[in-house]
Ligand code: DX5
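The form predicted on its own is given below as one chain in structure tokens.
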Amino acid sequence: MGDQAITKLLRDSCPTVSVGILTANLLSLGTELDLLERTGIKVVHIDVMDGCFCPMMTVGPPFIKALKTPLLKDAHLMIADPVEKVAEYAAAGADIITIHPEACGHPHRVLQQMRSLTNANDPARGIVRGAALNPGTPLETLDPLLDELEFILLLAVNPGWGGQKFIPSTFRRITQAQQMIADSGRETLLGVDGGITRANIAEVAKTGVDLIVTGSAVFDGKAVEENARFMMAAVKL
């Protein structure tokens, strides 16, 4: 699956930023997405929370389907037992679907199922399959899943609420994950999510990760376009 069109499209854009849009002004979301397109942003990140795996509830497939944009849709599923649900997110137009092994009885089965899903935006494109790990989950959890992954997402905060600070041990976990990917012989993409601000994005980017997720640092209610350009410039240095 590593040679599918969507994976190549994403890899060619890296290093890049995936902008979390739940902190945007949802009443003018179309305008906000247009602003992101003008800045060179290629990916928007949608945090899907079910109130079970993590304490908050956010959005689901209808919200993703309603996003009318050429930007890649990056669906981060912080939901319990996603095996019966991932197909709905593919049908809604998700280009990247990331699950949590901690939330699955059988994460390998979920990833295998995702292999057969069709990208609703372009059937020839394929879907990037990702696995995200909470800060306290050992990286060894990913070892039996590597052959079914195109993307690994390391959380730098615990899922469920905004305003948390970046956990410093994430830097060590990034290095360990990069070594794990190198040892596997695969070209798995690596991302970081949580606590990313204007003050620390350049330091995180220097680690060599492919995708950095940031939300409120872009949608601060002031200058969306300026903020997005700043964040993109920081990762391209």
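From 1 onward, residues are counted along the sequence shown. What you see is a predicted model; the values in this text were computed from it and never measured.
Below, we refer to the form predicted in complex with D-xylitol-5-phosphate, which is not included among the displayed structures.
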* Partner-contacting position among 24, 10, 213, 228 - heavy atom within 4.5 Å of D-xylitol-5-phosphate in the model of the complex -> 213
* **D-xylitol-5-phosphate: the contacting residue among 44, 209, 49, 177 in the model of the complex [heavy atom, 4.5 Å]** => 49
* Name the stretch: of 167-175, 192-200, 61-69, 24-32, exactly one has residues whose heavy atoms fall within 4.5 Å of D-xylitol-5-phosphate in the model of the complex. => 192-200
* Are any of the heavy atoms in residue 80 no more than 4.5 Å from a heavy atom of D-xylitol-5-phosphate in the model of the complex? -> no
* Within a 4.5 Å heavy atom cut-off, is residue 144 in contact with D-xylitol-5-phosphate in the model of the complex? -> no
* Report whether the minimum heavy atom distance between residue 157 and D-xylitol-5-phosphate in the model of the complex is within 4.5 Å. => yes
* Asked: Wondering, does residue 123 line up within 4.5 Å of D-xylitol-5-phosphate in the model of the complex on heavy atoms?
  -> no
* Asked: What residues of 61-76, in sequence order, lie within 4.5 Å of D-xylitol-5-phosphate in the model of the complex by heavy atom?
  -> 76
